[in-house]
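Okay, so here's just one chain, in structure tokens, the form predicted on its own.
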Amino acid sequence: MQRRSRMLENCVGLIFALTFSAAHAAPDAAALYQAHCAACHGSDRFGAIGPALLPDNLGRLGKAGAQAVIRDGRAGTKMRAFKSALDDDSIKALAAYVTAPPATAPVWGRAQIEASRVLTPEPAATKPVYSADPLNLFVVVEGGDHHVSIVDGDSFAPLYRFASRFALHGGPKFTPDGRYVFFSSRDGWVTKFDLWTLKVTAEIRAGLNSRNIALSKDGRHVAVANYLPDTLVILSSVDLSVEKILDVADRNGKASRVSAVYQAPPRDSFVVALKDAPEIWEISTAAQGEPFTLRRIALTTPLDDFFFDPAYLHVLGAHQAGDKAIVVDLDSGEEVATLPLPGMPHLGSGISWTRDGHVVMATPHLKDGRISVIDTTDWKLIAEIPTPGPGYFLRSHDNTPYAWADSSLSPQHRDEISIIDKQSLTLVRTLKPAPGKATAHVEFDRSGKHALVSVMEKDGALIVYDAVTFQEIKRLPMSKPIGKYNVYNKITFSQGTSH
């Protein structure tokens, strides 16, 4: 009996020990990643709608910083807080996992890029297959189900809808004649689409995690800014074949991600923002001379978010981790002014107009509910216009006296659009296009008579307003229309929209 009792005690003890061990086992970081992170950052950590989660990308963040982002989210981004869904041990395990090297090192060079290229025979066309004005079309990116809609900018009737690559980002770019549009996705795909025939004509994967694209002044070259690998890829706009790959590093050879690439039409060049290096790159796209020659402009700090004055003589840049902006003279390469701009200015969404004979620029902030207005003559802050909350976008048109701003990053005011008088710099009207739903990204038609607003929800809409009376004209159901782009305004570089 005693022996039996001891055996029973041993079995109970073993069961208890195994149960205790299982309950206190180290979290399975790989399983946690697939369950909570893969949908946005890719199952292989190479990036998708969110950035790649690899040591090279997260080096400055570190494990402690990664834990903080996982726990609390990140302001001004789609990264949500997981503190209510994961315990401390799971958060620590995830942070260690994403800051450690992956099992397979990411490789995406010329061979992989060229092997991904797909060409579709292009149908012959001497005019568009529709009767609408081809220069007054809107290209609408629907992020809810990854589609693109083409909308007539006169009747506001949808003309065509097609499936896009996953998570388009950075804004489409148009050839100077407005016929072709190029899209880029977070996971590196570049798509060429013919707006006359309404057909995709070519695709290529230029990177594993890409930020945006730019088209050269003559429309012959497409530049792709990559986070992973650290490259700037230049493609032929004709067939998306690879023309040049630049490994991006500072003067000392330290690699850097590319935050963005921009077309600078008066300069006939690409201007490149480096995420991790205190430099600006300018790459010539002129037909004469050595192609794609590189000019480095040394800075005192990295700048990864840019605004250009209308003449492209100066760039106003900021780093998202900072609280100031720096003005760089692109001809001399000198830093000529510094402005205090706390609250994370979103300079890439800045616009400009003429006020009292001076060109001014204005930018929203991703953390503060205000619009900062700057005189580009002397680069002085002249006004701060309060808005209900922080937002992503500010938009206007040469033919309207108003600028429209969202507060979509504010939990309480995400459904409000603020309309600002560009001369008095005062708030004149607040709209609530869809109460309780995130509303943002205003764009104007070719004439400036109508403003289109996005309700950025899965069951969202594109709402057309009279830009004078602010009355609703039409509402088109859309699946999270995260951006809309008017062909004419884009190819003429309207001061009221981003470039």
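Here the structure is a predicted model, which is why all the values come from computation and not from measurement. All residue numbers refer to positions in the sequence shown, first residue = 1.
Unshown form predicted together with heme D; subsequent notes refer to it.
**Student:** Is Gly170 part of the interface with heme D in the model of the complex - any heavy atom within 4.5 Å?
**Tutor:** Flag for Gly170 set to yes.
**Student:** Hey, in the model of the complex, does Arg186 get a heavy atom within 4.5 angstroms of heme D?
**Tutor:** Flag for Arg186 set to yes.
**Student:** Within a 4.5 Å heavy atom cut-off, is Arg45 in contact with heme D in the model of the complex?
**Tutor:** Heavy-atom contact with heme D at 4.5 Å: absent for Arg45.
**Student:** Could you confirm whether Ile482 comes within 4.5 Å of heme D in the model of the complex, counting heavy atoms only?
**Tutor:** Looking in the model of the complex, residue contacts with heme D include Ile482, since a heavy atom lies within 4.5 Å.
**Student:** Note which of Phe193, Phe308, Phe393, Phe174 lies within 4.5 Å of heme D in the model of the complex, where distance is taken over heavy atoms; exactly one does.
**Tutor:** Residue within 4.5 Å of the partner: Phe393.
**Student:** Just to confirm, with a 4.5 Å cut-off on non-hydrogen atoms, which of Ile204, Ala277, Ile213, Val328 contacts heme D in the model of the complex?
**Tutor:** Contact residue from the list: Ile213.
**Student:** Which of 258-266, 236-244, 89-97, 370-378 has heavy atoms within 4.5 Å of heme D in the model of the complex?
**Tutor:** Only one stretch passes the 4.5 Å heavy-atom test: 258-266.
**Student:** Verify the flagged residues His397, Lys422 and Ser494 against heme D in the model of the complex: is each one within 4.5 Å by a non-hydrogen atom?
**Tutor:** No, the candidate spot makes no contact with heme D.
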